[in-house]
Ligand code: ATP
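In the form predicted alone, a lone chain appears below as structure tokens.
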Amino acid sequence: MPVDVSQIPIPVLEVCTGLVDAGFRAWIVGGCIRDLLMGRPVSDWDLATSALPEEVQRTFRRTFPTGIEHGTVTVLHRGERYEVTTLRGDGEYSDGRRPDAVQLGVSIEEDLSRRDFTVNAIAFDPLTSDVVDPWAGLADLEARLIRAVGDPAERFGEDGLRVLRAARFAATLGFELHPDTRAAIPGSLGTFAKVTPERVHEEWRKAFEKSAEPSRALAIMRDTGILQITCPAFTSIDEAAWRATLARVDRTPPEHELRMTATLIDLGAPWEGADVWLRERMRASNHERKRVVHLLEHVRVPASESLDDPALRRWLAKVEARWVYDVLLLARAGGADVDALEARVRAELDAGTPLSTGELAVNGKDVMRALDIPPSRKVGEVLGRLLERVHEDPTLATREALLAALPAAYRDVTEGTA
């Protein structure tokens, strides 16, 4: 399994050359070599070097001490940033996340021994074409295996996130977990429980966005207990619903918020705990929380034949035009036949019938001026009555028709007419 040097960007080679010219060694390491060997696109190039951080800083004109306490210096070269890390060995991991101390100046073999999985513990010297593979990562790439470097329990005890990364790599790479690596996960869940929500959320995002079958990660997470710690609500889901969840997630396009929604649907639609879980256990952004919760509330779509045209417009108004195709997509991923409903939705949106009071041809100022009333809740209620009339008869959507209907709408509001 040779490394194709031609696929390594020239600036990366130049950084390596700069280090070698200064009297040091340089290797490309980790996931970028793994992806290069697999013919996958490489987004980040990580470099390891025998140079100490201060020597890296002296070698290049523009550097940033981004992680200098752990031996990492960022080199800015040709407008790109490259992390260059001094070969190091790690001390104890008392917090289950980062080493308490690092030892700089170790061998490349020792540096690779601290990494998580064998397929990420490969180094390549692009100037000599030498491959350093002390943990048989190349063989595991061929066998499509995720296997911990050395003792899996020790690796997982160092950083609790690694159990989740094992599941994520199985999905994003389409690999299987080595039996010993899988077996070590349940006993490492105490360390995993210490991982911050932000780091967990990032691994979920990568699994959803970069996997053809994110169900592979979810299945491992549930079988080994990871999922029950991250989202205890899944302990009550039955096998039929779980199988439906896995199938739905795989049929949903690789977009994080859509696949997050697809995962949560069988917890209840809507799942009342979704907003709290996204906020507290995932530290999701406000936008993600709003979108996922909204989609969960509306993902059980009605049958097209059950809706007359006014009912379709009212349903569209609740779902909102910006979310409706996501709702239909999720319903289709769940096995629903929504072709007829989608065709009607598309026609309705193309027709441009107002779906919210903000889309009406009159606004609150028009209501107050025409009816000679002050600002109050009644203004919004009048606009709501006008919108109901438009949903019943879209020909009433013109400004003239709406202004003419204002007195009757106001009367309905003040008299409580349904």
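Since we're looking at a predicted model, the values are computed, not measured. In this text, residue numbers run from 1 along the sequence as written.
Although not depicted, the form predicted together with ligand ATP is the subject of the following passage.
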Determine which one of 28-36, 346-354, 377-385, 59-67 lies within 4.5 Å of ligand ATP in the model of the complex, judging by heavy atom distances; exactly one does.
-> 28-36
Ligand ATP in the model of the complex: within 4.5 Å of a heavy atom of each of 257, 298 and 315?
-> no
Close approach of residue 120 to ligand ATP in the model of the complex, 4.5 Å, heavy atom = yes
Is there any non-hydrogen atom of residue 165 lying within 4.5 Å of ligand ATP in the model of the complex?
-> yes
Evaluate residue 206 for contact with ligand ATP in the model of the complex, applying a 4.5 angstroms cut-off between non-hydrogen atoms, and reply yes or no.
-> yes
Is there a non-hydrogen atom of residue 326 within 4.5 angstroms of a non-hydrogen atom of ligand ATP in the model of the complex?
-> no
Position in contact with ligand ATP when the complex is considered in the model of the complex, options 366, 46, 359, 55, heavy atoms within 4.5 Å = 46
Could you tell me which one of 216, 115, 147, 201 places a heavy atom within 4.5 Å of ligand ATP in the model of the complex?
-> 115
Since the partner is left out here, which residues of 292-318 would have a heavy atom within 4.5 Å of ligand ATP in the model of the complex?
-> none
